[in-house]
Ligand SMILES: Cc1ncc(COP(=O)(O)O)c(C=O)c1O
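Consider the single chain below, provided in structure tokens and representing the form predicted on its own.
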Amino acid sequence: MTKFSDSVYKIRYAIRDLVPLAREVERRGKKVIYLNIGDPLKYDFKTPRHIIEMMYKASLSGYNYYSDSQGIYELREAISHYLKKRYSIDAPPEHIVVTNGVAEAINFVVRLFTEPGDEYLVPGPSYPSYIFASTLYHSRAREYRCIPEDGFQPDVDDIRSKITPRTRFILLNTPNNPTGALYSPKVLREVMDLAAEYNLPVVSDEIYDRIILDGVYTPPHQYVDDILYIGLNGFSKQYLMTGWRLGYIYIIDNTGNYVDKAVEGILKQARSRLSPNTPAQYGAIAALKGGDKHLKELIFKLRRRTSLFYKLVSETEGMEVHRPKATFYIFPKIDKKIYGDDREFASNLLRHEGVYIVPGSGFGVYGENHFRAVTLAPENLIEEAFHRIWSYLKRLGRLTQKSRS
């Protein structure tokens, strides 16, 4: 008999799970406002022209073959230089692996450290890929609490309580998706000390490190002492290259005991998928060498749009939210007595009003009774989305003066 793997069917990616319903709503003739996917290029942002031109030139010049599985040396050299110049990170090209986005990097790291039955710790609320990677590889992603009352800072005591003999690494995500939180220096220092105490590697997803709206980004690596540290980053967000699917892994090992084995383990996986997109890698070199003037416009628009979104959430019955300090996400809490559970709210809002948000429970147990929305849409679309939310409240008989103001 034909048999399928059970683990595949256990995967849930809440950010896209309601796409079939959105298509149905559109077939009925209603315009859907998509606030679900963190892709600036779906709105009014564009990839810088010099990056596109370099990829085009590389392709015309014949760079269309499989590249080195680790990534072309010139790109790894440019990444190494960038990390050193911006963050004083010493990561030579030999300790860098180019990946097909950070999503692939997450899978590489989970497979690097875990066998079936092993565990790793991820922040809760948690980006879905951190969790479903464990489903695929028969390990377990345990969520540690990030404290809403403290701006979603990690609860270090909770991390400690969840370390077991089967724990293989601690994952950090600052700036954080979905909450927009920036982790404080104090918390980062405590997490690194805890990791060192248990001799656990730290994996740090830093893809939003340049999308800072309020406050200062603290690079976690500066608190690394005698532990293995693996950073994940890429080109999708800050260089507006989402569809190009390019990320990278860099490795810091002050002990010198683990780096060779870590690189070897990641490279064995990278070779099995051949290589990243070769012409895109040349575009990435242009991105790193061409400056970041485009970021000024991106951050300017995001600050305005995030402020508007925050204001409208604050004016809506049964919603409360912490103002995000980074990224282009916002993570409001909803009153279950008004909206039902978060999955019910998200599906009903899409079905009846054509507004596509992501249920918070799709980001793990600590995301329940929340929803995530992107703040990338122009102001007129954000305002229209809230008029529809208020119309939904009217349908429920819960529209108040607060939501009409």
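In case it trips you up, residue 1 is the first one in the sequence shown, and so on. Here the structure is a predicted model, which is why all the values come from computation and not from measurement.
The form predicted in complex with the ligand is left out here; the points below concern that form.
Of the candidate stretches 127-135, 249-257, 88-96, 275-283, only 127-135 contains residues with a heavy atom within 4.5 Å of the ligand in the predicted complex. Only one of 112, 106, 319, 211 comes within 4.5 Å of the ligand in the predicted complex through a heavy atom, and that residue is 106.
Although the partner is absent here, residue 153 sits far enough away that none of its heavy atoms falls within 4.5 Å of the ligand in the predicted complex. Of the heavy atoms in residue 173, some are within 4.5 Å of the ligand in the predicted complex. Among residues of the shown chain, residue 236 is one whose heavy atoms approach the ligand to within 4.5 Å in the predicted complex. Remark: residue 168 does not count among the residues lining the ligand in the predicted complex, judged by a heavy atom distance of 4.5 Å or less. Using a 4.5 Å cut-off on any heavy atom, the residues of 200-216 that reach the ligand in the predicted complex are, in sequence order, 205, 207, 208.
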